[in-house]
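Taking the form predicted on its own, here's one chain by itself in structure tokens.
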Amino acid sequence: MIPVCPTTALPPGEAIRVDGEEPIAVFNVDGDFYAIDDTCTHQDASLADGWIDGCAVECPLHASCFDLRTGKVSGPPAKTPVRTHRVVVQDGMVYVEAGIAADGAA
């Protein structure tokens, strides 16, 4: 598991980028944490820098939208989904299990 941050460091409505071989964006949506690949599949932009609307994130570059629960594209111009990653909250810390799809992901 990859340690991300304490839960208190990622308030609701915010996101953080976890750098690595393939960067991951972690989002707090009303106390629920989601993790997806950080790079938009349309063009090279950080989704952690995007706008959160419910359980979706809008890419800051061309406004492609992705469902944080499934990774599916919910708005063009992107056509390819992003991968999801399982998030574990334990002892006040947020962790990501990279490469393990989140529950309910396609």
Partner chain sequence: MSPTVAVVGASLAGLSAARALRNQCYDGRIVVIGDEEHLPYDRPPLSKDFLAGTASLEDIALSSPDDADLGLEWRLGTTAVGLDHLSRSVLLRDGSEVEADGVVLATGARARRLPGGEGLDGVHALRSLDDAIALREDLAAAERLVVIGAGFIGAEVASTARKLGLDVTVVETQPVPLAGPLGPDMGAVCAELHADHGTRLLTGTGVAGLIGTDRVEAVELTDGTPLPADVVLVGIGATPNIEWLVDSGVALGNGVLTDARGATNIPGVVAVGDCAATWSTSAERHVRIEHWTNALEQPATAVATLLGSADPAPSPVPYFWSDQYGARIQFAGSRRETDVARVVEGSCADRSFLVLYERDGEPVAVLGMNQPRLFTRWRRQLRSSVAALS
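Positions refer to the first chain, counted from 1. Since the structure is predicted, the reported quantities are computational estimates derived from the model, not experimental observations.
There is another form of this protein, the form predicted in complex with its partner chain, and it is not shown here; the text below is about that form.
The closest heavy atom approach of V29 to its partner chain in the predicted bound form falls outside 4.5 Å. Using a 4.5 angstroms limit between non-hydrogen atoms, E58 touches its partner chain in the predicted bound form. In the predicted bound form, none of the heavy atoms of G71 sits within 4.5 Å of a heavy atom of its partner chain.
Heavy atoms of V96 never reach within 4.5 Å of its partner chain in the predicted bound form, leaving it off the interface. Although its partner chain is not shown here, in the predicted bound form the stretch 6-28 places heavy atoms of E14, A15 within 4.5 Å of it, in sequence order.
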